[in-house]
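Only one chain is included here, represented as structure tokens and corresponding to the form predicted alone.
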């Protein structure tokens, strides 16, 4: 096999090869890794990052970035929990939280698209503003004691499958269908590949940029609700650095920062690698002092294999 064919295989399947190698290594190092309870636990753990990463994939596909998803998650979680404690029906409280997430995302999109502010700057500002609003809303205190019906989002099961896993699965399937089977998906790839050409053929670039950021905010809010339901607590400090794991999952999955290249299949594998790595480090009792170092090294190695 020549170098060109080997390089092609690594470029196409490198992330999948990295995932398999990681699973094999952890199964040899820990006899608990491949047990059914642990596999279910890994799937449950990746749901938050996975849902956020779907929105991040859309954003990066149009050659933008969203640094605010962790703060949006925190603010929407706080507002939703507060509405629940005030006695609002669970569906209405959830709808308010999702609407707030979509609104915050749309604000990012409008400022980026209409006012030509780089998305890095726009979302960095939203990161700070939303986090500050979450802290002010509760004066830095968590909101606990949520209704059992709401907690089912994070702790419930359907036919033995955790509810968060089912929700994340639906999000990935819908996200994939939109990208691969709809005109909107074609437009997103077109904008990422060549925004000038996309504008010339009549695509409303500003509208789709705004919609993409709206989706990212909406999914951050959904992830926040699942996290809040699982912990039975809405924390104003929740979601710190969640955007970094989401970006890592997207980039590991092969989506290019230059836009127009990538998809949700790769993002799912990227999220699985990060989740399996976190789980494996816990099973091996790796000190938290070394966790980030080991995690960063493994992610870098996976990227090298994938890009070779």
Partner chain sequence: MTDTGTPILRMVGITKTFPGVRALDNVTLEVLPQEVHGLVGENGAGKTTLMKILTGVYQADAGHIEFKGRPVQIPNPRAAQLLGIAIIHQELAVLPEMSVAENIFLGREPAGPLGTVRWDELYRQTQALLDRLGIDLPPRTRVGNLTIAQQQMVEIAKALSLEADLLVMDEPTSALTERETEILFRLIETLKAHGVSIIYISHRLEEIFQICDRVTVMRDGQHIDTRPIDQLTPQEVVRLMVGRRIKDIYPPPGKGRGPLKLEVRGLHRPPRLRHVSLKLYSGEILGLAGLVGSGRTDLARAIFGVDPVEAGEIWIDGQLATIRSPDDAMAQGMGLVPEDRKGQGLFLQMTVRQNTVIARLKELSRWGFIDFRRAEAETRRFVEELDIRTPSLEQLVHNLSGGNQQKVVIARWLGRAPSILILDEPTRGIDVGAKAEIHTLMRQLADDGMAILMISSELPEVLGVSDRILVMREGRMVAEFSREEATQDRIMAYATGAAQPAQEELAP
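Residue numbers count along the first chain shown, from 1. Here the structure is a predicted model, which is why all the values come from computation and not from measurement.
The same protein also has a form predicted together with the partner chain, omitted here; what follows describes it.
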Check: Going by a heavy atom distance of 4.5 Å, is residue 193 a contact of the partner chain in the predicted complex?
Finding: yes
Next item on the list: Considering only heavy atoms, tell me if residue 82 and the partner chain come within 4.5 Å of each other in the predicted complex.
Entry: no
Margin query: Taking the partner chain as it sits in the predicted complex, is residue 182 in contact with it (heavy atom to heavy atom, 4.5 Å or less)?
Written below: yes
Margin query: I'd like to know if residue 151 sits close to the partner chain in the predicted complex, meaning any non-hydrogen atom pair within 4.5 angstroms.
Written below: no
Next item on the list: Name the stretch: of 184-192, 223-231, 128-136, 98-106, exactly one has residues whose heavy atoms fall within 4.5 Å of the partner chain in the predicted complex.
Entry: 184-192
Margin query: Considering non-hydrogen atoms and a 4.5 Å limit, which listed residue (197, 158, 121, 92) is close to the partner chain in the predicted complex?
Written below: 197
Margin query: Exactly one residue in 277, 283, 43, 261 has a non-hydrogen atom within 4.5 Å of the partner chain in the predicted complex; which is it?
Written below: 261
